[in-house]
Structures are given as C-alpha cells and as structure tokens.
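Shown here is one chain on its own, the form predicted on its own, set out as structure tokens.
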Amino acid sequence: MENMANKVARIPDLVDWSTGEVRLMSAKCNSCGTYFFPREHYQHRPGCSREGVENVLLPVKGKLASYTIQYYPCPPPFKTEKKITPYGIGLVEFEQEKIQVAGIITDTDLDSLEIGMEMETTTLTMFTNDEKQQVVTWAFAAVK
C-alpha cells in the first residue's frame, strides 16, 4: 500500500487513493456495457444511447498488453523535477472490464518487461508544488 500523505493529483478526478490503494477513476455505460477512461469521455461507442453511466474504480491490477521504451524526455506540458529517461509507456489491460489504459511504467526494470505480466496501478511524483505537496500522476509498476 502506497503512502499518499502530502500528495495531490496533477489532474483531479483521474486517480483515487482514498482506500489506501491507487485506482483509476473510470465509468461504465449500462446501455452498452463499455468501460471508459477518463470517466468524462462520453463518446465511447458510436450509436450508444449513453444512458445509465455510472462511476466505477478500475481494479488495482491488470496485465501488460503492450509497451514501448522512450529514450527522450516527456514533451511539455508534462514536467518532472527528476530525470526519468529512459522510461516505459505501457498499455495495461483490465481484463474483466475489457479496457486498456496507457501510462508511464515506474519502479520496474525495463529489461524485465513482458507482454502479459501483471502490473499494478501506482503513482509517479512529477514535482513539488509551492505548498510543498508532491504532485503525482497515475503510473503502472510490475507486481513484485
């Protein structure tokens, strides 16, 4: 369980850590059964009536569906205080929900990445704001 004291989300309403676990804030359309992220993305399926959309939290763990390794800094407006290159970008599939979400891979040996490996949702500290809070975004890490 990650210590989230003194952390604030870079973009509100994308990540929930109120239970002590880091989970992505998603939504499910009860008309067509589609899960989508971010939850405000209502254009999820052409022709769907989009009735009965409910907010849901995605599971903590998913499977790595695809990845790439970047050897250059993240472009603006993404900023970090520390150098993070090289870094992985992974597409993590939450199988039961049939949704894949992209995110930076952190705290993982990039040479150990394998399609199908179990990943967990976590956070990446981007920078410290003027209030001395760590500003974070969602990320994925290999399950240890």
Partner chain sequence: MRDVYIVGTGIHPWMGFSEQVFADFAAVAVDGALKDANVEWHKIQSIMAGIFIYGGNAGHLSGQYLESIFGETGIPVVNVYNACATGSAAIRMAYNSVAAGETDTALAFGADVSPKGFLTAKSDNAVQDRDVIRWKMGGMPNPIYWALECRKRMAKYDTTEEDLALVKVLMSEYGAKNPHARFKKTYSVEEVLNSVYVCDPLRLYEICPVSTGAAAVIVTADRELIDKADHPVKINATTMGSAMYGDPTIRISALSCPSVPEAPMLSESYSASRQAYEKSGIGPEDIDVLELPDNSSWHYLVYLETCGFCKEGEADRMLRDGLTRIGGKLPVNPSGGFSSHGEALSAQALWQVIECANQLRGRCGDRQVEGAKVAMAQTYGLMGNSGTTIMSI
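Bear in mind that the values here come from a model prediction, so they are computed numbers and not experimental data. Residue numbers count along the first chain shown, from 1.
In what follows, reference is made to the form predicted in complex with its partner chain, a form of this protein that is not presented.
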Listed residue (69, 53, 60, 56) with a non-hydrogen atom within 4.5 angstroms of its partner chain in the predicted bound form
69
Is its partner chain close enough to 91, 98 and 136 in the predicted bound form that each of the three has a heavy atom within 4.5 Å of it?
yes
Taking 4.5 angstroms as the cut-off for heavy atoms, does residue 23 touch its partner chain in the predicted bound form?
no
Find out whether any non-hydrogen atom of residue 118 is located within 4.5 angstroms of its partner chain in the predicted bound form, and reply yes or no.
no
Does residue 65 reach its partner chain in the predicted bound form if we count a contact as any heavy atom within 4.5 Å?
yes
Just checking whether residue 107 would be counted as a contact of its partner chain in the predicted bound form - the rule being heavy atoms within 4.5 angstroms.
no
